[in-house]
Every structure is written in C-alpha cells, then in structure tokens.
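First, one chain by itself in structure tokens, the form predicted on its own.
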Amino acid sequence: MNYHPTKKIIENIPERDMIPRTKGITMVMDKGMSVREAEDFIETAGHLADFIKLGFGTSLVTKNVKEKAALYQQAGLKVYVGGTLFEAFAIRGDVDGYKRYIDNLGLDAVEISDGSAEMVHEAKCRFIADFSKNYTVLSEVGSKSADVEIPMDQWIGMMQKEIAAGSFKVIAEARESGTVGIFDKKGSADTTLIDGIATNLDPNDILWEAPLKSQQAWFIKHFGAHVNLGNIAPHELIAMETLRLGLRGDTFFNFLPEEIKNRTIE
C-alpha cells in the first residue's frame, strides 16, 4: 500500500516519504462511511492517508465500526475516534469507560481535545501523558465555537505543553467546516496566528485542519509539500495529494525550478 513518487516518473515533484511517516501526514475524516465505502476508499486512495478519524461521535451510531476500523488498520492506517467523544466520556467522569470503548474497537490511537467541554489544561496534559503510555496521542487545541477567541500566546503555550506531555502531533482546530480556530468565519487563514504558532513550534509537530481546497492549497504554498493536514474528506484525498505534488493548477508552479517557470511550451 505504500506510495512513493520518484523522479523516474516525472521530474521536479516533491518526493513523499514512505508510510509510516512523521511529516507530510494526512488525516482523513470518516463521518460514517459504510464498510463497503471504506473498502472502496482503501482500494483507490488508502495508500495516501496516515490517519483516519471517525469524526466526533459517529462511531457510536455507525454500524460495523469494529470491522471497518480493522480494514483501515490492515491497510496500514491508524484509526481513532473524534476528540468530541473523548470529551463526552470525560465530562461524565468516565475516562475508564472511554478506554474500554476504544480498546473494544481495537484502536491504538486517540485524540484528546477540549474544544467543546471546559477542561483545566493541566488535567488535559495529564490525560495526554497517561494515554501516551499505550496509544499514539493526537491532541487538539482551539475552540469549536467561532465566538471563542484564544490569544496567540495561549495557543502556543498549550501546544508546547501538549507536545511535552506526549502528543505525537498537536492539531490546530478548524472543524470540518474550516470556519473557526485558525480560520475566520469566511474560511480565510489567520496568517498572524498560524505564523506565530509555526515560529514557536517545530512545524512537523503540528497538524493543521484544512477541510477546504483553498485552505489546503494555502498551507502547501506557505509551508511546502510536507505540511501535515487534517480533516480531509475521503473523496477529496486524491485531489489533495495532487496539490502536494504540484500536479493541480493551484500549486502547479510551486515546485518547478526558476529556470522553467516562465518557459513557453512550443
């Protein structure tokens, strides 16, 4: 299932790392696909993804989730349920029940978030440290409400502490709509916030949620082909990978040498 474009196919395109990889990661959002849909996705595009997120609480109300998760894992993908479900268990004081739930599904990855429920940050970091002993942890920073504004220094501080606590990647919140957190209500990037975060953390430690094509293109132009991107719709994954490789109009010139960017084809 590995995918590794090389210059033997076409010159001057980024050479993607083999999976499992630590940079250029893509997280795909499954909001309730059937087993057959998951099989079709794996067949056509599964080789391009690293993580599958069973979005928010959908895993509780989707049939055959355990079977579907096993299919993803057999294809080399890490699977986890959305952070909102962790918060739903946590606010009820049942984190042990959450562990039993994901263990029953056979999952070895987890998302720890506080985008919906109020959570003391020290407690969140304790959850991260605890889960990281047995799971790959992705934590998420940012509110799911467009009315909540988090100062940049607070974003940076929380992300730094969560990486130190044991997060494999820290996710910058944008929701599946791409209109909160690191984006404004119109879906435009908050460049000051994003650059501030990227300046103060290792960019490879950050996974930016970017569900819209314009947002994906912006990040690839801004940070390069190996930026970590998440909340990608399954049917958009192949198209997004072409953005990473400069094989779509939005990023066509980004990876070409200067001497041929202005070339006229005769």
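Residue positions are given as counts along the sequence shown, with the first one as 1. Owing to the predicted nature of the structure, the values given are computational and were not obtained by experimental measurement.
Not pictured, yet referred to below: the form predicted in complex with another copy of the chain.
Colleague: Which single stretch, out of 148-156, 121-129, 163-171, 188-196, brings residue heavy atoms within 4.5 Å of another copy of the chain in the predicted bound form?
Modeller: After filtering at 4.5 Å, what remains is 121-129.
Colleague: Any of the heavy atoms of K213 lying within 4.5 Å of another copy of the chain in the predicted bound form?
Modeller: Although another copy of the chain is absent here, K213 would touch it in the predicted bound form, with heavy atoms inside 4.5 Å.
Colleague: Answer with yes or no whether E241 is in contact with another copy of the chain in the predicted bound form, where contact means some heavy atom within 4.5 Å.
Modeller: E241: contacts another copy of the chain in the predicted bound form.
Colleague: Any chance M33 has a heavy atom within 4.5 Å of another copy of the chain in the predicted bound form?
Modeller: Yes, M33 is a contact residue.
Colleague: My question is simply whether T26 lines the interface with another copy of the chain in the predicted bound form - judged by any non-hydrogen atom within 4.5 Å.
Modeller: Close contact is absent here: in the predicted bound form, T26 is far from another copy of the chain, nothing within 4.5 Å, heavy atoms only.
Colleague: Who in 224-248 is close to another copy of the chain in the predicted bound form, meaning a heavy atom within 4.5 Å?
Modeller: In sequence order, H235, E236, I238, A239, E241, T242, L245, L247, R248 come within 4.5 Å of the partner.
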